[in-house]
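Form predicted on its own, single chain, as structure tokens, below.
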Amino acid sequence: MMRLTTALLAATMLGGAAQAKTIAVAPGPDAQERIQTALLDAKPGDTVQLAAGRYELSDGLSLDVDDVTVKGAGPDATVLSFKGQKGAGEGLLVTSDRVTVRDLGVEDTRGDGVKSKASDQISFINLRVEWTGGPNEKNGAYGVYPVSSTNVLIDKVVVKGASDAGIYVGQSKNIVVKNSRAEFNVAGIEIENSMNADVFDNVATHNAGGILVFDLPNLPQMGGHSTRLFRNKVVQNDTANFAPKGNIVAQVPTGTGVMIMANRNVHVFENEIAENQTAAVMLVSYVQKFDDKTYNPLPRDIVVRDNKLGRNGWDPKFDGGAVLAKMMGGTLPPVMWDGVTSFPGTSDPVRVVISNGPILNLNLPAPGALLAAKPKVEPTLGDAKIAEPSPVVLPKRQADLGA
């Protein structure tokens, strides 16, 4: 009986494996319908293979089947063009688990480029998302956009021209962003309201701001924490901020390297940060009014160490920046902290440890109270022992994909 049961189980597993198939799609006048049909017909284990060529699409695509790979022939070989998109949605929306999207280009979406929502083990590999007309506030907000997702892998992705953030991970957990490039976006890479993220070996250049780690109020997932930014190249972020008015990133000063706002346990180390006219690193509080009683608007448990800091801060673009720079002899120190150490209704201690000096501590009594600033330049700041977050470990399936 045992042998029979084992044999039946093996046969079932082999049969399941045999059923996995490749659904091939080639360019053509009816590509929209054929791609969407392939995504609807796919079964777990299948690959939707998009041949090399240019696909002119008029509407967004969606996938809601687990364990599917969507694969092209390369980010410049297989191009999904949404220049004729009629709706304002994303180019590709994934709402299923254990999905890999790889080796293709996405151009000129009306909304976001490639988005996942409530997905587990979502992987974006070797993608290019671009708005080909260059920076424009009418471009889609986000290039690659996993939200409310777990076990997120973003590897070898290039995004250009997003009117909010090129690579944006929101309200997600267990995240790796590596080997990617973000340029000519408002924000290059942004980790928002997320937990446990490793962002490393990326290039953020020619954005308004290079890499942002934010926490915002009134969102389904609050309390972002435990992010490591390391071995990134954050240089020449010099594109004028082109975010639509009212967007939170519209407040990011042009020429910001790394900005941390209202987040906890963020460690910035071993990065190259240079040629950012406002600052290499800014630690700031959230300054807008909010009614979320669970929200802490202050950055805390922040470590900045062992970064290679080049020229930064020679022409700061925030309110009062030019006056401050003049007071400092024409150039701001590369690292700046607003200095707010308490906020009514919050109890987290504000601990900031910066060994990369010099540091401009504005010593503000409250978020945004610039008129009450008591600026002081310090060579180093803080001596608390703040444990570095553990490295993010993705499931083996994803770790193998990103190898």
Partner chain sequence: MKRLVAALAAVMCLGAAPTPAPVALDALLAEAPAPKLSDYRLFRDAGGRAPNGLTPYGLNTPLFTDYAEKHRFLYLPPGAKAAYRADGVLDFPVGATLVKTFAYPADLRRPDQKVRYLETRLLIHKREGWAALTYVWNEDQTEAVLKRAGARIDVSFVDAHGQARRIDYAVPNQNQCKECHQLDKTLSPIGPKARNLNGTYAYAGGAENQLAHWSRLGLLAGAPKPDKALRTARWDDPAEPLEARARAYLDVNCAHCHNPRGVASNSGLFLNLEETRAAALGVGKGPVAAGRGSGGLKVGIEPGHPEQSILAYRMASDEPGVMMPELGRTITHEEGLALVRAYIAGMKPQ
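Every value quoted in this text rests on a predicted model; they were computed, and no experiment measured them. Residue numbers count along the first chain shown, from 1.
Although not depicted, the form predicted together with the partner chain is the subject of the following passage.
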Discussion item. With a cut-off of 4.5 Å between heavy atoms, is K138 one of the residues that contacts the partner chain in the model of the complex?
Written reply: yes
request  = Using the partner position in the model of the complex, report whether D348 sits within 4.5 Å of the partner chain, counting heavy atoms only.
outcome  = no
Note to self: Contact with the partner chain in the model of the complex for G223, defined as at least one heavy atom pair within 4.5 Å: yes or no?
What the structure shows: no
**is_contact(K86, the partner chain) in the model of the complex, heavy atom dist at most 4.5 Å** = yes
In contact with the partner chain in the model of the complex (heavy atoms, 4.5 Å), from 337 to 345, 366 to 374, 352 to 360, 37 to 45, is stretch 37 to 45
| Quick one: in the model of the complex, does every one of N196, Q236 and R300 get a heavy atom within 4.5 Å of the partner chain? | no
Students should find that, of P253, P333, G111, G105, the residue having a non-hydrogen atom no more than 4.5 angstroms from the partner chain in the model of the complex is G111
Answer key, the partner chain contact in the model of the complex at 4.5 Å (heavy atoms) among D64, D67, E56, E378: the residue is D64
Residues in 217 to 237 that come within 4.5 Å of the partner chain in the model of the complex by at least one heavy atom, in order, are N218, L219, P220
